[in-house]
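Presented as structure tokens, the chain that follows is alone, the form predicted on its own.
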């Protein structure tokens, strides 16, 4: 299973190239060579970065974009010159798949235009790509410096702390180690754990909130009571208590705990929105046709909530990152280097905050976390336009 989750690996690059042959082949077939080559390059990059998962996801997205440029529904009287009497509305499974892929590709293109139109949102997107790129590809170029270097102490110096220099751009920490290497290697776990917590919390909130609103009755009362009970508990003080009792040996379990404590606020908001949408004519029609609860929630309700849900997911990721850094800073979770939070904790313990030469050990992760959080906030500006048709149309 290692090839499924490997990050920045040679097997992942091979997988990405193989996945990229699909959009390249579709581009050659439909005379869209430029987009086929772009698809191959993106698949190779995604496969190299995130192995099979990244390669397959990028294969789907890039192939859809290539198809969207070439696909024409010849049975559609609005896109073909066929007369209405000559139109045959029956379609094969392949024709259905091509139509769906073309629709996905057009959606991706519209989303990219909306993303680039909002300058602040696009800047946030670039910032997120920068931090993810440094965390994924940076370790390939900068080796982790994890051993003590007594030989680096300057003559007459009492500590191994050193300020930024030409040889060490961000200086040296209390063990004489290169701070830049810790910055490059220390962001991955923090970012991944925050993403996991935000995604899980959002998923729980959306599912529970939608079910509570659509089913109603006793189910709604029980789910709302559980959410209200969790909301009455101060989250960070509870985390401090749990951290003193439990051992967070796994970052994923930590993400699950954050998600279990942070879903109720979004759940209540989703529930209120779904209660409003439930009275719309198209939802009532779906209920009258007995299309089933999963269909109604996924196809009729959630598309109208995507903007709100995605923006709140970003805020959940921010909150999870703050909680993780807070627990690490207080020394209540296992400290494992390299990690931005551990750098702040260790720097405070070793007196870096009082040493001008060691200030970079604390300031570097603090500034990195702040810039990543700022990038997330700016990115929400574009996400609102991507998922809100009214904003896309400039209304």
Partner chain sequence: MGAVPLPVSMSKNMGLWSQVKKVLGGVYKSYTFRVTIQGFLTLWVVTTCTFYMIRKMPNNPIQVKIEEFQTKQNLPYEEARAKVAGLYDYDPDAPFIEQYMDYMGDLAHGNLGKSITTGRTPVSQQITKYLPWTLFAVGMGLLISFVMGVLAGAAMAYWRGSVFDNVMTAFASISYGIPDFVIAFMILLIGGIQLEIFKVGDYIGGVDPQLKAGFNPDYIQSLFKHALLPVTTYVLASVGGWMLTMKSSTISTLGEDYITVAHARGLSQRRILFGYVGRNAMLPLMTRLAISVGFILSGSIIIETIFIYPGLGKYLFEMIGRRDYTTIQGIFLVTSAAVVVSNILADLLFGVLDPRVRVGGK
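All values reported here derive from a predicted model rather than from experimental measurement. Positions refer to the first chain, counted from 1.
Keep in mind that the form predicted in complex with the partner chain is missing from the display, and what follows is about it.
Asker: From the candidate stretches 107-115, 238-246, 126-134, 139-147, select the single one in contact with the partner chain in the model of the complex, where contact means a heavy atom within 4.5 Å.
Answerer: Careful reading of the contacts points to 238-246.
Asker: Among the candidate residues 363, 53, 37, 335, which is the single one with a non-hydrogen atom no more than 4.5 Å from the partner chain in the model of the complex?
Answerer: For this set of options, the contacting one is 363.
Asker: Name the residue from 325, 296, 101, 184 that puts a heavy atom within 4.5 Å of the partner chain in the model of the complex.
Answerer: Contact with the partner chain in the model of the complex is made by 325 alone.
Asker: Contact with the partner chain in the model of the complex for residue 251, defined as at least one heavy atom pair within 4.5 Å: yes or no?
Answerer: Result no; residue 251 lies far from the partner chain in the model of the complex.
Asker: Can residue 315 be called a contact residue for the partner chain in the model of the complex at 4.5 Å between heavy atoms?
Answerer: Heavy-atom contact with the partner chain at 4.5 Å: present for residue 315.
Asker: Using 4.5 Å between non-hydrogen atoms, is residue 288 touching the partner chain in the model of the complex?
Answerer: Although the partner chain is absent here, residue 288 would stay clear of it in the model of the complex, with no heavy atoms inside 4.5 Å.
Asker: At the 4.5 Å heavy atom threshold, is residue 234 in contact with the partner chain in the model of the complex?
Answerer: It does: once the partner chain is placed as it appears in the model of the complex, residue 234 has a heavy atom within 4.5 Å of it.
Asker: If you look in the model of the complex, which residues in 364-381 sit within 4.5 Å of the partner chain (heavy atoms)?
Answerer: 366, 367, 369, 370, 373, 374, 377, 378, 381 sit within 4.5 Å of the partner.
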